[in-house]
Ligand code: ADP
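In the form predicted on its own, a lone chain appears below as structure tokens.
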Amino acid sequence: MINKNKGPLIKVKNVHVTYNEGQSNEVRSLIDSNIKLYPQEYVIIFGPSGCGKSTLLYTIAGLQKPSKGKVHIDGEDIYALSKKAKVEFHRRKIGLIFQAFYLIPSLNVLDNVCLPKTAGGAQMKKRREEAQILLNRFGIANQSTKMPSELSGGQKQRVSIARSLSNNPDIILADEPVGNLDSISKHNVMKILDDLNKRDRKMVILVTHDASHLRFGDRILYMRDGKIVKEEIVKNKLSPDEQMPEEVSTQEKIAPDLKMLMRAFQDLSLSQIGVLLAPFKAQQLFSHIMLSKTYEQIDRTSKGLEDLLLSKMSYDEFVDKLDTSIEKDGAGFDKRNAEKFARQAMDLIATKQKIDPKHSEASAEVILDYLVKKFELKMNADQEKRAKILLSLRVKNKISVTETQKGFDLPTREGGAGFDKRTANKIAREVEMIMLLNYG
């Protein structure tokens, strides 16, 4: 619940974060961010990969100094503090939970949880007793003597959460904390965050690209291309245990990355896989194109996209659905935005229909033509040649999305396509959207 009686606990004012400022590969990761976050609030920062979510979180955490602007936490300008004072402030006020866990591999579970108190000089007996209480709370007390390498992903994340609570901070910052977990472990971690907010009355700030998490927060900050494009108060907040059974079922069927999907559905035909993946594709396609809509609009538009992907709905019918009011079971767009959104979706779908891994060079030309029109790219002959090679390798699944991005960012003299980092990120995201749509 948002409690404004005591004023904001966190204030982010006119914050910009720019990497390689003034250079040819300059990247603006955060652009003029202004937010006020209140005690005991559960805030969700939502958007696609590369939109600046984590940068905003790390700026709040005191780990990423802004190029411009200020961050105040509990009245303190955290970037005006001395290095020593900032470390102490961070240790007392903020608990961090990461997707990659970052447990110390040479320490056992108990010592990992004790670590923040060790830095603060607490006596060994006391810090071990308090760490054991946290491990008991999260159901992993029997793992206390094990090393991190002996734990499952869900167990590692619970240890990470216990460690973040070691100094009893007021603020919990969670950066995609369930990104590497199976569906059951995801649910357990989301329940823990909900409990920390409701029972312990801690502020929770969750970074996620998963639309199914949106109803768990008090407020949603939608991000796109380094900007907060919209804020939304959640009117019907749910706890993870209140999630509808069919939604849990869908999440269990749809794994978070394509390799897991391929393993899960390896005995099915391509047409059967395509049908099962349609809801997932639809949600990802919607998030990819536009994030400035309410959850209800996201849900209805995603269902329309699913029908479009499965050829159950024509382009004109899809535009009509978008243009129909929420009250009449539509998505509540205006006509102009409905047509713009539908065109973007159809352009992607039309492009994916021309992709064939068996003809990777021809497919690379199709994708490059799409990218040139989409981003108004200007290329010389050398850049065009290298871009086609990269796209051909991606179509054949010879390189990953990260390698695609790096290849487009790398200078031509080093064998890359010679684009700036921001453009390379956009290209890589667009290519992955096409690859996802083409899968199955």
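Keep in mind that what you see is a predicted model, and the values were worked out from it rather than measured. For every residue, the number given is its place in the sequence shown, counted from 1.
The protein also exists as the form predicted together with this ligand; that form is not presented, and the subsequent description refers to it.
Of the residues given (39, 66, 52, 62), 52 alone sits with a heavy atom within 4.5 Å of this ligand in the predicted bound form. Remark: of stretches 26 to 34, 379 to 387, 396 to 404, 409 to 417, the one touching this ligand in the predicted bound form is 26 to 34 (heavy atom within 4.5 Å). Contact annotation: residue 20 falls within 4.5 Å of this ligand in the predicted bound form, judged by heavy atom distances.
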